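What follows is one chain in structure tokens, specifically the form predicted alone.
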């Protein structure tokens, strides 16, 4: 009997040890240190993140930070599955389209109590990102970096046509007038890229026209307004006149490739595209603010650091997030040239990353920033949006019909939010 009890005790001991080793955030093989697991998808920030973690470890020598980079195609599936199963990383990247779903399901922690307790001044972060990562007036993600949209242009093509470079006085009319002069059908050069794209294309135009994608209270769609229709009509008009590649051409060859090969004179794109475009065009590349419609506007998106709603190491994780999104951490990010840091005033390193390019344009445009449109079920209504808009650009249906369909279906989706 005693022998059987001894065997059972041994088995139970071994079983408990195995479970402890599977905990991820327990000591295990880390010499008694607390382990924080961090997840993101872009290895281009690896060196920056390593330096920032070293900064964190100066005041937290008893914490080991393990970083996992998961490719974008698998990142969200893996993250959602692990968090829904009460496991997953302690700290991770969060983006706008997924934010509301994660916040409303309790998969990420409400940071507001920690912010209040730490007396953290969130006004140091770009307003559009604070807005984007707030849920029920509480901040759930501490902003890290952002993307704004600007008008890239090919200086060589402008010089050849004898046209002054774009500046902050340009409007939709200026674009159309000069696109006509820059277009050279014999050489296959287009004056402008009227993009069949949301963030760098029609989202900006919708707000410039005085419209909106989703209401501030996240309860209604703005797609069926005259202002939204005018934005799409303007883009379609440029295609019809041959001043921009058609929707079909854009599907066959990406506009970025056409611009990079000297076949498009003006190309609206996000700030994070600057290094790639510079590699393609070198000092022929210029950038200006997006031209105004009824008003100036640029869609701003960016990433934040979020915390697992079930983390066992809240204090250590919160301290890490504060370093990652703190002034020194953001300066390290800026110096890498990766993207515009979300912490105001730390962007100097990024501004100098491409000396021949006036990157200040993107920072200045934040005065007209509009947060990327999101709600709890962003993915659902964006699926409807992308299909209908593509069909309209391809001539399968009128824009009036497509936009009404988007608005009707989007309003039905929004009406179900918060009820599951």
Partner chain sequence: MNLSAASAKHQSNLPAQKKNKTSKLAIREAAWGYLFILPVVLGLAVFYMAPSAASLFLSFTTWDGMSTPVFNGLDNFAQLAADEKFTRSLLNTLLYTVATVPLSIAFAVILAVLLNQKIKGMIVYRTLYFIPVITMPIAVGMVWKWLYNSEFGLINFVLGSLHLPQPNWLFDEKFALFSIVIVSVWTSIGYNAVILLSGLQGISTSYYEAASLDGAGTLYRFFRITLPLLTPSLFFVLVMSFINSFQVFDLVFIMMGQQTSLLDSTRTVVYSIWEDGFKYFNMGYASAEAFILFIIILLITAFQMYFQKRWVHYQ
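All of these numbers come straight from a predicted model, not from anything done at the bench. Positions refer to the first chain, counted from 1.
Only in words, not in the display: the form predicted in complex with its partner chain, which the text now covers.
Residue among 366, 379, 351, 55 with a heavy atom within 4.5 Å of its partner chain in the model of the complex:
After the contact test, the surviving option is 379.
Contact residue in the model of the complex, chosen from 249, 236, 168, 122 - any heavy atom within 4.5 Å of its partner chain
By the 4.5 Å heavy-atom cutoff, the listed residue in contact is 249.
Please name which of the stretches 136-144, 228-236, 174-182, 93-101 has residues with heavy atoms lying within 4.5 Å of its partner chain in the model of the complex.
In short, 93-101.
Check residue 390 for me: does it contact its partner chain in the model of the complex (non-hydrogen atoms, 4.5 angstroms)?
Answer yes; at least one heavy atom of residue 390 falls within 4.5 Å of its partner chain in the model of the complex.
If we define contact as a non-hydrogen atom of the residue within 4.5 angstroms of the partner, is residue 50 a contact of its partner chain in the model of the complex?
Looking in the model of the complex, residue contacts with its partner chain do not include residue 50, since no heavy atom lies within 4.5 Å.
Test of understanding: in the model of the complex, would residue 198 fall inside 4.5 Å of its partner chain by heavy atoms?
Because no heavy atom of residue 198 falls inside 4.5 Å of its partner chain in the model of the complex, the answer is no.
Just to confirm, residue 253 within 4.5 Å of its partner chain in the model of the complex by heavy atoms?
Result yes; residue 253 sits at the interface with its partner chain in the model of the complex.
All three of 109, 314 and 343 touching its partner chain in the model of the complex at 4.5 Å, heavy atom to heavy atom?
Not one of the three qualifies.
Enumerate the residues of 338-369 that have a non-hydrogen atom within 4.5 Å of its partner chain in the model of the complex, in sequence order, or give none.
Residues within 4.5 Å: none in this stretch.
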